[in-house]
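A single chain comes next, written as structure tokens; it is the form predicted on its own.
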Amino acid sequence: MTRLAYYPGCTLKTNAKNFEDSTIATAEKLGIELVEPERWNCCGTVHSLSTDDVMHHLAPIRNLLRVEELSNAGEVDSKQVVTLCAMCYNTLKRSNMVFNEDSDRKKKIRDNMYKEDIEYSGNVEVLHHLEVLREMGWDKVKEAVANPLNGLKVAPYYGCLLLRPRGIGVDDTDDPTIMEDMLEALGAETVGFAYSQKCCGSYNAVHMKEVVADLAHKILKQAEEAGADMLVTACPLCEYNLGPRQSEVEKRYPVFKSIPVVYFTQLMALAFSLGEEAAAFTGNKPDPRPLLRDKGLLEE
């Protein structure tokens, strides 16, 4: 069993518990033990765009320091940390890059962490779980499949922070294939659509709900018109804006047709035949189970 440090972030413990549950179950099936640091904190969510800002980097770097402590204690097998939330991934990775490339801010960050037992070295590698799977090999993912997702047409939705900015994202910014490769290893048919990288309106989620509803409508409608049965994502905020908020889309667009939105690890759990508890579809809205039963992929 390969032991990897795992940073969950806040939402994975609350509204996106289905993302975490399905990930832990499928990772174990693939021989990966995800080791969570005891003292992690919120990543801060928003990466600072100011060149003289230090405060926004303290929270992410402190989490990477916790990973380094796990490595030094021999509790994990490498100085790598696995993330699930696209926002956490982006924030941690960008702050790590700032720390390693800007000597002035590096010193200031360390100065602000003078009470820590060790200094952060900058050697932790931030990975998204999709990258871990790709490095492992899609053939190994395919070997774990006991319930191929034959006949299921899935639209991979990347959103913003998995791919941007260049040099940070998990795949080619203009032509990503990592989610397509993963889904095809599960036996699903992938459906391409132009809005797969369109922002869901994440930063407007609280104060401009109507903007989010309009963006969600465009994304979901285009995926449906392309022939998709459902969308798959790797971001809790994207899942929220495109999934549960479909009720608001329906209010603004009465002829809108609902479409399920799930996390990629939930489809992995389904394909691996790990049971409904591992797939955790009860946490999704709209409920994807009627569709999956109609496709013969989920028992009544």
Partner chain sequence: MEPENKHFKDRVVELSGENVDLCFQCGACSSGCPMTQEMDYLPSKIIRMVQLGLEEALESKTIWVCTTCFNCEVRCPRGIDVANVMEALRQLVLRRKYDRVSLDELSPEEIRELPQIAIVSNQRKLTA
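Computed from a predicted model, the values in this text were never measured in an experiment. Positions refer to the first chain, counted from 1.
What comes next is about the form predicted in complex with the partner chain, which does not appear here.
- By the criterion of a heavy atom within 4.5 Å, residue 38 is excluded from the residues contacting the partner chain in the predicted bound form.
- For residue 56, a non-hydrogen atom is located within 4.5 Å of the partner chain in the predicted bound form, even though that partner is not displayed.
- The closest heavy atom approach of residue 152 to the partner chain in the predicted bound form falls outside 4.5 Å.
- Heavy atoms of residue 93 never reach within 4.5 Å of the partner chain in the predicted bound form, leaving it off the interface.
- The listed set 209, 134, 221, 79 contains one residue whose heavy atoms approach the partner chain in the predicted bound form to within 4.5 Å, identified as 209.
- Put simply, of 186, 124, 160, 178 only one has a heavy atom within 4.5 Å of the partner chain in the predicted bound form, and it is 160.
- For the marked spot (83, 266 and 273), a heavy atom within 4.5 Å of the partner chain in the predicted bound form is absent from each of the three residues.
- Partner proximity in the predicted bound form, defined as non-hydrogen atoms within 4.5 angstroms of the partner chain, places exactly one of 23-31, 254-262, 64-72, 230-238 at the interface: 230-238.
- Contacts to the partner chain in the predicted bound form (heavy atom within 4.5 Å) from stretch 169-194: 173 only.
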